[in-house]
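This document starts with one chain, in the form predicted alone, laid out as structure tokens.
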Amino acid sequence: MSLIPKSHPRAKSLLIREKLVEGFDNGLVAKEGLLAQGRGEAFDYLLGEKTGKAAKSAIKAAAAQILLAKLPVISVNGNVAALCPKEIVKLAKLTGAKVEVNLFYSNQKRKNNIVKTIKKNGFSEVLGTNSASKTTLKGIDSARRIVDKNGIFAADVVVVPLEDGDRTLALRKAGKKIITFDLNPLSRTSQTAHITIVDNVTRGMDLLIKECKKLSKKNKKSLEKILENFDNRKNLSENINEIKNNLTKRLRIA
């Protein structure tokens, strides 16, 4: 049970920390994942800890891209499994996407723990642990090069929340459309992905699910039009401007 009072001005951020610590204790999150959270939290603070206009536009484009996909796959690491397993399952069921565990700091025990967590939240088939279906992604040397031939390797669209830039580039070179959540609009992942949602994954995932539900009623032409009107370079610039404007506003208040 959390000891964080709801009245605390940064209660949501502290609850996220608590979830990650619990995820670490339960064998989902690597020690390095806790450090990565601190970096993301700093950028979220710069954004004002809210979902901006640019992020909402990116979420709409991401929903259209997923719904147009022939084989969408959601890539899950320890932090994502600790923070939003229910939302991952909801998105996968809603869009017909596959779910695959893929880790940078990889070990079988942690993979199994993540799979158990996803299954516990209602998704029966999680890829990424069957040695018989493993294959290698070219252009990357880390453990993340090992992917499932029926999942990420075969996918046309890959959702990669909290990703590392090396694999994002490798996936893009392999012909995949890449959607990512990244609070840092200047990161390699943000700059390499086709659609970058500059938002906290705990906020953005809920909004992505809602947008997928909404756009599922649209026809293919309408979804394609949404993607035609989206420019990720412009999206990232707008996010940087939102950070700048938020900082300017805070400076004036001070």
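The model shown is predicted, which means the values in this text are computed figures rather than measured ones. One-based numbering along the sequence shown.
Another form, the form predicted together with a small molecule, is not on view; read the next lines as being about it.
- Message: Given a 4.5 Å cut-off on heavy atoms, tell me which of 159 to 167, 146 to 154, 125 to 133, 89 to 97 is the interface stretch with the small molecule in the model of the complex.
- Response: Contact criterion met by 159 to 167 only.
- Query: Can we say Gln37, Leu83 and Leu183 each have a non-hydrogen atom within 4.5 Å of the small molecule in the model of the complex?
  - Reply: Spot residues vs the small molecule: full contact, yes.
- Task: Sort through Val115, Ile140, Ala174, Leu103 and report the residue having a heavy atom within 4.5 Å of the small molecule in the model of the complex.
- Result: Contact check passes for Leu103.
- Message: So in the model of the complex, is the small molecule close enough to Ala63 to count as touching (4.5 Å, heavy atoms)?
- Response: Because no heavy atom of Ala63 falls inside 4.5 Å of the small molecule in the model of the complex, the answer is no.
- Query: Might Lys111 be said to contact the small molecule in the model of the complex, defining contact as any heavy atom within 4.5 Å?
  - Reply: Close contact is absent here: in the model of the complex, Lys111 is far from the small molecule, nothing within 4.5 Å, heavy atoms only.
- Message: I'd like to check something about Glu32: if you look in the model of the complex, is any of its heavy atoms closer than or equal to 4.5 Å to a heavy atom of the small molecule?
- Response: The answer is yes: Glu32 has a heavy atom within 4.5 Å of the small molecule.
- Contact of Gln191 with the small molecule in the model of the complex (heavy atom, 4.5 Å): Judged by the heavy-atom cut-off of 4.5 Å, Gln191 is well away from the small molecule in the model of the complex.
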